[in-house]
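In structure tokens, one chain follows: the form predicted alone.
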Amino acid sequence: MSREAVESLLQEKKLMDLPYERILSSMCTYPHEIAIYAHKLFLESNLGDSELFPGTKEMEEKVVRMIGSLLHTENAAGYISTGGTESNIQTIRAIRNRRRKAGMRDMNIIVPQTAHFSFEKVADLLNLEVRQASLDPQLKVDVNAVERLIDSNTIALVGIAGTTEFGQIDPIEELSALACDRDLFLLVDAAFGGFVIPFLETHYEFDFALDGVSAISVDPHKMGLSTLGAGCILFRDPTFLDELVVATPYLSTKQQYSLVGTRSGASAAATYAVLKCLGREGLQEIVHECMRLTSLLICGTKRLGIFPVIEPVMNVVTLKLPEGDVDRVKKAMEERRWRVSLTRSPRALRLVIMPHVDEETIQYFLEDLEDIL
């Protein structure tokens, strides 16, 4: 085929994809324009063979320090992963490998019932048991339930800072104290919340400021406005990276600690660019605007007699609807080209107010919701 024919075919396929403007179900968004520029500039960079791309590697190291600083330690060690799933797998793999070297065989970790589905992959790939702790009435993990599940084979606890379904923040401070008391590894999954919670008006303890937090996963490609394929894994103790190392004798780099071999440097460059461009002030403005629109949405739904399952902590909204109406409303919204999602328990309409959402979008959504109801 000619280039023109291929371009035409690509445009045809692009038109089949949904634009983000009417998507209220996704934790992804349009990347910042500087991130797009950087991504294109470093498309051929392979961090899996990083000695060939020292400039890209330097940017990755600086990104780790910048995100570490945001989360209260510039000395954190880590790398840019493909996203939260890889970060969660690798973090638990590191503590599993360390415990296996010490002679442990049957191991388990304890996660909240609201934990991301990546922990199902953790159980399968790492051949360990994933125990789910129940939630409190505010849909945060019940620390007493976590403590009851701990036994001699427990190697790690997991807390969520920005749950996927409800945007809730687990009591990380209490989990940290429990991890210290029981000498357990604590992973904070802040894939969504890592670039939101530091900029909220309400202060939450959730990061390396707590002594018990061992590792944090955070996704710059969500509220950090980087290009897709940009997660970040951070360890308080740099030696945990050693638990992930494999030799790569035929590359310029003689070892790797990432899950994937060939690793895009473009997403690392995009993250570096957007963090340098926006800085803390720019990120804070984005979060404040998302929270303003979240409040606007809640005020509008309350006028319609529709109330949230919990008052939003972050820019995630879950709406209670009359029994039997949830699926009908979702279907009707989709017929009007909106994309929303549903939570599992309690069953509710779920909306994420990302940076691509504006005030006009909120008003159009509320008008359609009122019409459907």
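The model shown is predicted, which means the values in this text are computed figures rather than measured ones. All residue numbers refer to positions in the sequence shown, first residue = 1.
The form predicted in complex with pyridoxal-5'-phosphate exists for this protein as well; it is not shown, and the discussion that follows is about that form.
Think of it this way: in the predicted bound form, pyridoxal-5'-phosphate has a heavy atom of just one of Thr73, Thr85, Ser258, Asn108 within 4.5 Å, and the residue is Thr85.
Proximity to pyridoxal-5'-phosphate in the predicted bound form, defined as a heavy atom within 4.5 Å, holds among Ser118, Thr154, Asn97, Gln132 only for Ser118. Each of Thr164, Ala191 and Lys222 places at least one heavy atom within 4.5 Å of pyridoxal-5'-phosphate in the predicted bound form. Here the chain stands alone, but in the predicted bound form its contact with pyridoxal-5'-phosphate, taken as any heavy atom within 4.5 Å, falls in 156-164 among 299-307, 232-240, 156-164, 248-256. Within this chain, Val64 is remote from the site of pyridoxal-5'-phosphate in the predicted bound form, having no heavy atom within 4.5 Å. For Leu321, no non-hydrogen atom is located within 4.5 Å of pyridoxal-5'-phosphate in the predicted bound form, even though that partner is not displayed. Of the heavy atoms in Val326, none are within 4.5 Å of pyridoxal-5'-phosphate in the predicted bound form. Taking the partner from the other structure, pyridoxal-5'-phosphate in the predicted bound form has no heavy atom within 4.5 Å of any heavy atom of Met333.
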